[in-house]
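There is one chain below, alone, in structure tokens, taken in the form predicted alone.
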């Protein structure tokens, strides 16, 4: 079974072997290569101790020296004297000690055995190693589980989850990313250890949840509820109703693989969180997303989308522009795409009865094509013009500008200096 290793990975493995050590690419990069995917990162495991790795390579960083990890820095293009350096984590074969905090081993012991190192890993599909000399090292039937589409713990599932509670979320997340099923015993062990999630930081929980939602199968978030994990994600999470999201992905995508939500980039977290929180009031959404330690941009945009995706908008350009004022034009376009995706689902049909997302899309395109005024900044008249016309600064000026904007929202051709001054400045 041949894997095409990047040149820098070959160089690292070759240099370690030339110095008398074993070395393999390991973990997710092997898994993704076998699945025909392009790995994001390449990790290397070796029999060399950290200090021995540092002697072999010129540029290294002690990223996890206590646990045997050294990052080797190499130029992205071989032979370059200057240019971007890329980091490759090189970790010594190890056996983990006791996990007292449910997240990290108290001690690690280096071992000369690659099989012992692979034994400590979370799932069989992540416990494989490869180099060009020995080929694939698969001690725990990882290839078999890849072919069967199964997420299975290495060894005893209860033991694996007792060691590191984050693995509970990772099981669901890998299932979503790979469209795999969690094996029966592994799933039973997940249910037995959900309380251990209390030991996991909110930042790490959010990172796994975001990867799950930004996968090709975000409806798998429902598993967090079915397996009993939802109440440990953050306060209020277990009160969400993810069935709308499930209904969109499982029903509509099955009928139409190109349904509108599929047009929205996976990389935009706020779209996926907005879909998860759909129907929730803006203030509640913001509170929950702050609990998850998300960035402010994601929080704000997701909360707006969550509020308005089930907000009825009449078939009228003025009404559309009133909603547009709550967000940027780009976010409004994405909101309409979400409405098109959710149309026909139970919650949407109840809360937006009679709404026509296709008509909203046409109105939006017309507003953009005609460059119709929507925001206060679109008014042809500014505060300085009112001052020049003799209007005193203060709240009254704001009231005049608001009245002008309301006028031009209804009648865009009224956005002229002559008309607005004659109507609103006496």
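Numbering follows the first chain given and starts at 1. All figures in this text were calculated on a predicted structure; none of them were measured in a lab.
What comes next is about the form predicted together with adenosine-5'-triphosphate (ATP), which does not appear here.
Contact check for residue 206: no non-hydrogen atom falls within 4.5 Å of adenosine-5'-triphosphate (ATP) in the predicted complex. adenosine-5'-triphosphate (ATP) is not shown here, but in the predicted complex it comes within 4.5 Å of a heavy atom of residue 174.
Among heavy atoms of residue 355, none comes within 4.5 Å of adenosine-5'-triphosphate (ATP) in the predicted complex. In the predicted complex, none of the heavy atoms of residue 317 sits within 4.5 Å of a heavy atom of adenosine-5'-triphosphate (ATP). With the partner left out here, adenosine-5'-triphosphate (ATP) still marks one of 117-125, 179-187, 347-355, 130-138 in the predicted complex; by a 4.5 Å heavy atom cut-off that stretch is 117-125. Of the residues 167, 321, 152, 272, just one reaches adenosine-5'-triphosphate (ATP) in the predicted complex with a heavy atom at 4.5 Å or closer; this is 167. Between the options 86, 326, 211, 226, the residue in contact with adenosine-5'-triphosphate (ATP) in the predicted complex by a heavy atom within 4.5 angstroms is 211. Contact annotation for 1-30: residues with any non-hydrogen atom within 4.5 angstroms of adenosine-5'-triphosphate (ATP) in the predicted complex are 27, 28, listed in sequence order.
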